[in-house]
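Given next, in structure tokens, is a single chain: the form predicted alone.
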Amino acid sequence: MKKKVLEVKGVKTSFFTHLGEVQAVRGIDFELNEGEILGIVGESGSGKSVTSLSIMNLVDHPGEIKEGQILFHEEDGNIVDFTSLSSRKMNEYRGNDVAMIFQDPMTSLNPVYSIQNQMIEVIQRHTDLNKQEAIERAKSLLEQVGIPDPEGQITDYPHQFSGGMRQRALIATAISCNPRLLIADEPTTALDVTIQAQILELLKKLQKEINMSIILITHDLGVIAEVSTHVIVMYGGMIMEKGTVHEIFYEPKHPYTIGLHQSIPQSAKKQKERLVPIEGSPPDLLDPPTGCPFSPRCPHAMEVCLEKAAPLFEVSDSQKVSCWLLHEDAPKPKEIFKGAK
């Protein structure tokens, strides 16, 4: 039986602006086991990145984790609730047990410090290595992630690295202390297709080498299909559907998940077929819908959908769907109950 690494229970995160409360994450639950790669997918504004910041306890003012628990399972079996830790105590976990790769490698790296200085700062903070040992460790990590000539390039500055190399340097820094959990927030953003593939292959390789769990956040279903073992589909700050990669791609049940599939090209063979967009706009999280957040855009919405959000109905041991169409008394649209394909 696999060990649990992370449990997220009923987490709600809001931002209190001058316009009102933006309910970015509205009560989400999921767990992650050792060695798994969990993909979190959804369009912009669905709450993916705020979920990752909540896990890292990096939600700054005017944001606040209002409710819920984020339980991290340590190697020795001890369970820590990240939401209850002080900033100083949380710093002992960040970069050590839990690491994060942020969206933009150019803005994530400090332009006035060399790659070497930025890497050894993290290594020395969480290990007993002296400066020279930390430099050797940093060179070894750069070589591990595929940076050519790490001996010569470690003293370079971020602007001297290409986009793909900056992303590799960030990954090297993130794995420097062999974290149990790595969160990768849009790790292939702004990279060309060839470099994207290399970064994804690198993440899979590193996951196997150090047996870490990964949360991969993206809006790209192709990226999710490439590397993930399990998938969560988010919309309007809530989880619409979760399951294995096979279930989400070949047996989707939520109308939003099906809409995502239908709005992207399926194969070169079908290139002449028209894509089916999801009509309408994402919900305003200053004033989110009372019921299912997708109901204003859903072609199968019923009266109950407008009044109350659906619970997560269990389709299988691994697949759960927040949709009233899964209720035993609901109509059964064939495109949902036979999958999207």
Partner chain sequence: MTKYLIKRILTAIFTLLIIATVTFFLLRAIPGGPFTREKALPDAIIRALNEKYNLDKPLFFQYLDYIKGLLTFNLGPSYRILGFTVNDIIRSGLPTSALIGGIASALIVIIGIPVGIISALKQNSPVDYFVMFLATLGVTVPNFIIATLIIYIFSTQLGWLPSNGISNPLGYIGPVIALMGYSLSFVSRLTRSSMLEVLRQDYVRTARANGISERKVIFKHALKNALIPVITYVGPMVAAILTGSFVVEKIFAVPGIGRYFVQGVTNRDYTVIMGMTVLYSAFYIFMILLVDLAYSWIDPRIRLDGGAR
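Residue numbers count along the first chain shown, from 1. Because the structure is predicted, anything quoted here is derived from the model rather than measured.
What comes next is about the form predicted together with the partner chain, which does not appear here.
- Message: Each of 9, 72 and 78 within 4.5 Å of the partner chain in the predicted complex, by any heavy atom, yes or no?
- Response: The answer is no; none of 9, 72 and 78 reaches the partner chain.
- Taking heavy atoms only, is residue 86 within 4.5 angstroms of the partner chain in the predicted complex? No, residue 86 stays farther than 4.5 Å from the partner chain in the predicted complex.
- Please run the contact check for residue 100 against the partner chain in the predicted complex: heavy atoms, 4.5 angstroms, yes or no? Yes.
- Item | is_contact(residue 213, the partner chain) in the predicted complex, heavy atom dist at most 4.5 Å | Contact check for residue 213: no, nothing within 4.5 Å of the partner chain in the predicted complex.
- Task: Determine whether any heavy atom of residue 132 comes within 4.5 Å of a heavy atom of the partner chain in the predicted complex, and answer yes or no.
- Result: Flag for residue 132 set to no.
- Residues of 116 to 152 having any heavy atom within 4.5 Å of the partner chain in the predicted complex, listed in sequence order: Sequence-ordered list: 117, 121, 122, 125, 126.
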